[in-house]
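In the form predicted on its own, a lone chain appears below as structure tokens.
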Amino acid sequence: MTFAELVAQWLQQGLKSPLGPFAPELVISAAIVGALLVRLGGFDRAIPAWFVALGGSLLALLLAVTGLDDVPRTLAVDDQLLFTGLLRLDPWAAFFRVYVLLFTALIVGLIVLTRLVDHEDNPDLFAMLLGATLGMLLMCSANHVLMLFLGIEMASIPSYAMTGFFKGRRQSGEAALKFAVYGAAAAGILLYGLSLVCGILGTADLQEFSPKLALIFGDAALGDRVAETRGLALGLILILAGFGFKLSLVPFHFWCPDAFEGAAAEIAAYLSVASKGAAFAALVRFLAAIFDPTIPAMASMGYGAGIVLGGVAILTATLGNLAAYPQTNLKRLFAYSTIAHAGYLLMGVAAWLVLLSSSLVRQDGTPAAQRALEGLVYYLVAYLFMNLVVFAATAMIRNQIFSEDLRRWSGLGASAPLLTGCLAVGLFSLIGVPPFGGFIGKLFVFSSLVDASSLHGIFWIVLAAGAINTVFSLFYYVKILRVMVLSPRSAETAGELNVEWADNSYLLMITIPIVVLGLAVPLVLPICQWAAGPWSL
């Protein structure tokens, strides 16, 4: 088919073309251009860049939500493919598209409330923020290795710039430089791993991975195909290292504390939540394409990979929690908290990989592997709100006392009871205290570890490590509330808090879902079941 014939066919299809399901991404793209053009055209006084960014993200979110009914829910993969198979719109991708867009809209609103940047820098920051969002949307729906890598880089490069956005601060520039250098190295490692896997399989289409693996291995064991097994294992190790950097997993976590401390709290929140959600969405889809349980050799390799990831999860959660305790800078403390929660989330992925190779089902007839993914999704939803609450409160207090040092927060809780209450809800949910959403998320993840322990005893150790780390986290999270509420004022305490009604309203709006996620599980769980259903992989 010639190019002219392809264009004619596309025009005849109209809204049935991929542009219809791709509407949210197109709106984000238009908002990026709009945020830059309003200043170039001299309209920035009448139409501020934040208005374009907020309007674009809300419109994209609305289109993504209203388009959920049109998402194909059958196992006919061809009905889910866009742009000749480069992207795939299924429940898994549709859910995480809403997830990323919702968080983007909330972060844009927070930046507007806290007046993070002045009028001159508004367009640049929002253009980079929306550019990173577009990359994350591509990560969630990537059905081709090229689009997966492109999405990761589109999300990463603006993140480096946003980390060092405050050009006058040496710490910010240093953090951005470290982030960019380490990120470039991680991108090279990831690309090399992807090239190895694609070279061995002879395709870069994720949907073709399983048929190609079946041709190579068939009913043979891994030891019967030594060269292919070694090459595939090396490629997967490099790929997991690349994803480990994005998820700040041990030992690829070293960039996270410096980047969070150097960036503004609002940007740190974006790196902590949105990038983690998109990375987990892409990781699960890629692993599902490789470790096909119908191929014995791949089921065996997936089983081993799940055990290895379980060990990485233990190290990640433990290091994050232990390193967080002595921190006095709140952003650095929450950076280690982010590392710890990445470990908890990875426990769910590890359990899912092991359960994927078995036929284990729950008492209600649901496959245990599917329930593990449901728990992962539920945890991520709770993580969105509880992490946003603590970063938003940090940003608002910073605007009042010009400090993110916990030692200068002594006795501030009494002057802002609503802010302190919302912060307490977020912190207790991060710990996993009932009746908040973080408790239910951890409960689901730990439940999947119990299922996986019936297949390998090491998951009892993973479960015990998760429970012990939950106790560890109690000390440094509660320390924040103790300083704010129980500690007396000292010479290091800077003033009192006078939080505006708009800030309180925003905090209350993002705190209520944490309580709902803890008390109204039957209302939220069907959404997670829809996203993690058997058709989603």
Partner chain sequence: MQNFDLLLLTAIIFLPATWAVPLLFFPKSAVEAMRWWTLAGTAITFGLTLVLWGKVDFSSPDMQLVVAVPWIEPWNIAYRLGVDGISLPLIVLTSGVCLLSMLASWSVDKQVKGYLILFLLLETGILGVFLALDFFLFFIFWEVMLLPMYFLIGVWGGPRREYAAIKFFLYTFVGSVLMLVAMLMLYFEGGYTFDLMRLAAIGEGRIDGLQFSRSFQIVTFWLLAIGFAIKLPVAPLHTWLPDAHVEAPTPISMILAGVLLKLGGYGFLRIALPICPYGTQAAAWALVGFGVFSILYGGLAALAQTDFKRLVAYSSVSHMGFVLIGLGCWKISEQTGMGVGLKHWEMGLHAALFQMIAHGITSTGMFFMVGVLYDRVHHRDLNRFGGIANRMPEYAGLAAVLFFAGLGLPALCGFIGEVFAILAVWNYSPLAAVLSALGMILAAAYVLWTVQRVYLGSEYHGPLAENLTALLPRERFVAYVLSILAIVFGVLPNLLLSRMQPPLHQLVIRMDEAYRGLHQVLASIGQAGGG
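Positions refer to the first chain, counted from 1. Note that the coordinates shown come from a computational prediction; the quantities given were computed from them, not determined experimentally.
One more form of this protein should be noted, the form predicted together with the partner chain, which is absent from this view; the next part is about it.
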* the partner chain in the model of the complex: contacted by all of 363, 470 and 519, heavy atom 4.5 Å -> yes
* To do: Please pick, from 58, 65, 481, 37, the one residue with any non-hydrogen atom lying within 4.5 angstroms of the partner chain in the model of the complex.
  => 481
* To do: Name the residue from 303, 439, 192, 182 that puts a heavy atom within 4.5 Å of the partner chain in the model of the complex.
  => 439
* So which of 363-371, 382-390, 258-266, 209-217 is the stretch with heavy atoms within 4.5 Å of the partner chain in the model of the complex? -> 363-371
* Asked: Should residue 485 be classed as touching the partner chain in the model of the complex when contacts are defined as heavy atoms within 4.5 Å?
  -> yes
* Determine whether any heavy atom of residue 198 comes within 4.5 Å of a heavy atom of the partner chain in the model of the complex, and answer yes or no. => no
* Do residue 292 and the partner chain share at least one heavy atom pair within 4.5 Å in the model of the complex? -> no
* **Non-hydrogen atom contact residue 527 with the partner chain in the model of the complex at 4.5 angstroms** => no
* To do: For the stretch 444-479, return the residues whose heavy atoms include at least one within 4.5 Å of the partner chain in the model of the complex, in the order they occur.
  => 444, 446, 447, 450, 451, 460, 463, 467, 470, 471, 474, 475, 478
